[in-house]
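Next up: just one chain, as structure tokens, the form predicted alone.
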Amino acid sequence: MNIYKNKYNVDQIKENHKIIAEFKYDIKKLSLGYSNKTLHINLGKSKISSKEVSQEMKDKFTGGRGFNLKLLWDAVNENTKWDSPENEIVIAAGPMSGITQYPGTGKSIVCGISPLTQAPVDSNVGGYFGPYLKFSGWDAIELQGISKKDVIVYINGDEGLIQIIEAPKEDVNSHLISEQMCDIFAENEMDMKSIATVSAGQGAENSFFGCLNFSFYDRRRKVARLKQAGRGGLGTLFRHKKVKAVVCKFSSLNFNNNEVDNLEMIKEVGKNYHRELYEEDDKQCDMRHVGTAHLVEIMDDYDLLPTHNYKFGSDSKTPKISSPIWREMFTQGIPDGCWYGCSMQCAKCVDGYVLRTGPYKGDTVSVDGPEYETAAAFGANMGIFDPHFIVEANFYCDTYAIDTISFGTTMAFIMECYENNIINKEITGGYDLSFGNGEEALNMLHLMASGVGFGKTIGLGIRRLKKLFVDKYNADANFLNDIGMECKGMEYSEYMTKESLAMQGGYGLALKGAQHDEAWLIFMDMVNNQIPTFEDKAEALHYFPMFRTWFGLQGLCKLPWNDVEPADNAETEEPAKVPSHVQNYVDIFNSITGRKIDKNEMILQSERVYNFQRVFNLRMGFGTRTSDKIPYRSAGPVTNEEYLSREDRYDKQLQEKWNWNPKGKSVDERKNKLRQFREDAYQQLCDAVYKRRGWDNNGVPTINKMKELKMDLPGVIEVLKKYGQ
């Protein structure tokens, strides 16, 4: 049985269940990747209903993130706040999700109005839930309203039954409730693989950056493992609605649940890619042994690893948290895919880890990850080069449902504030929050999850913390805005972008906030100098966000696209796009849906949804040039310490790039002049990107652009007219 079984009594939990509402439906086969229905649950009214998916909805919004945004748009209004009853959590899997012949096809996409940004946010996540939801008959699920009591939403895709169940006795923390749901809803241990759970722990209740955990049952480890929809605070919204878990049961998985148009073509494309992955992975990223953690030393080598709140890009202690360490700590030789058929096997795990702190001290657990983002955030960015600290904090963030990126970036900000005497021990409750203090960082994590002390304050997130420190402690607002690494209210993910203008745009211009999943252009821009002009950068900041958006429309993982490339990829005309893999996706989409799109139509599918989401931001009061402003540390050195750490580089740039002679000038003079040039360059980049995307000079999509995309819906035009279109 599972490794946490002795922590709870299943019979006592089930005795307290009370069915609040029930909905029965006919189970029908999918058609060309779609179920053609969505599920709506109003938790406040205990009402369950279904909606039809029209052909127009598929044509304009495709699936996944597109469906989510359309359903969310219809549910909210311009006055909706993150905690308003009408706000929704919407989860969908796109038409390509769930095929088992090609890697990376098990993704779900989650949307809602974010507690951090007050605008729509999307988050991509692995695990079994998305495919199971679709195979159970639903292209998406909407959770609206606020329950009066803690509940479970149970979707039984075997019997065609939806239930809302009062659930007072389940644990809330994810590593336990995911196991409990397996024990309660599975017929036996073999049936546990049929159970997928969405949950959020106590940390989501007490911070604004709670994440959602999506489970998949690992039959070899006999444990329900977790993948995270990490960004934007959607776990906070989940617990605000009093949902303890959404559970989907589906036990009839086969090779063609999607009922595709051309299964043989999908098999052929998949077979070729599996062979390529087997032959090339060890030579390239070694995903099967270390997952995304292989990036730690690469980022350090190129001065891109965020260190001490993004002040620096490397550190001599980085080898202590680099991939050879993780290769030793990760269990090897066990298939580690988070969906069936994924031969990339990058969902690594530290097994047999004995916890040293917190409420589960002494327990032996399995820890998913760390991924690169977590290793970088908890390691270099906080100045804690201790892999055991990283694993410990990783486990607790996951089970508490706290986004590791937001936690790590916020703690790095707090540590710099502490070292600059903006806050002190009197404010922190006696804790020394200097860079490198792992023990105190864990204390803050446990306090945050419990909702007490300065830990709860940290859970406000950087944007709210900046205001608090100015209002309450008379801090310098300009300095905090410079070093507080957030954009649109979302904390930065873990790349140091001072020398990559395109990547600064990748963060600042991302729709949901500072996340790298729209455009990761550092190597194209900084290392390989492939996009030297503003126009080149703008083209990259058009194509790559649109291409990456497509993964969210379809229910795909991005990693099989470019983390392992064909051996001859460098010889192609556009190696950064990995053209043979792009063609793979075109072929699979057409083989599933029976359509005949090409690579240009892929981009158009994304453009429709991407521009719609920009208008959605505008509807909620965001989304202009002002919203795209980045903290200066993302663009250049804020402090003299930073300038002097790369003095020769900066002096040379002032002379050669901007024809300004730094000789004889003070550090402050040089630093301020560099800032002037770099901030101007960022605004010129925004000008170029807005023009390329078909937006006006304030970052607002034009009505002509929306007509061109056939997205000139009445509500969309109404919003654009308010912004002068």
Partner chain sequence: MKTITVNGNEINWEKDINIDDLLKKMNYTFKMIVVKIDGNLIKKNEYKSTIVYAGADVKVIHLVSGG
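Numbering follows the first chain given and starts at 1. Here the structure is a predicted model, which is why all the values come from computation and not from measurement.
Unshown form predicted together with the partner chain; subsequent notes refer to it.
Colleague: Exactly one of L442, L559, V582, V172 has a non-hydrogen atom within 4.5 Å of the partner chain in the predicted bound form; which residue is it?
Modeller: That would be L559.
Colleague: Since exactly one of E499, E607, E276, D563 fits, which has a heavy atom within 4.5 Å of the partner chain in the predicted bound form?
Modeller: Looking at E499, E607, E276, D563 one by one, just D563 meets the 4.5 Å heavy-atom criterion.
Colleague: Tell me which stretch of 634 to 642, 564 to 572, 466 to 474, 405 to 413 has a heavy atom within 4.5 angstroms of the partner chain in the predicted bound form.
Modeller: In the other structure, the partner sits against 564 to 572.
Colleague: Taking any heavy atom pair closer than or equal to 4.5 Å as contact, tell me whether K193 reaches the partner chain in the predicted bound form.
Modeller: It does not: once the partner chain is placed as it appears in the predicted bound form, K193 has no heavy atom within 4.5 Å of it.
Colleague: Just checking whether T624 would be counted as a contact of the partner chain in the predicted bound form - the rule being heavy atoms within 4.5 angstroms.
Modeller: Flag for T624 set to no.
Colleague: Tell me, yes or no, whether W520 is in contact with the partner chain in the predicted bound form, where a contact means a heavy atom of each within 4.5 Å.
Modeller: Residue-level check for W520: yes, a contact with the partner chain.
Colleague: Using a 4.5 Å heavy atom cut-off, state whether R548 contacts the partner chain in the predicted bound form.
Modeller: Close contact exists here: in the predicted bound form, R548 approaches the partner chain to within 4.5 Å, heavy atoms only.
Colleague: Who in 516 to 535 is close to the partner chain in the predicted bound form, meaning a heavy atom within 4.5 Å?
Modeller: The stretch 516 to 535, when checked against the partner chain in the predicted bound form, contributes H516, W520, F523, M524, V527, N528, N529, Q530 at the 4.5 Å heavy-atom cut-off.
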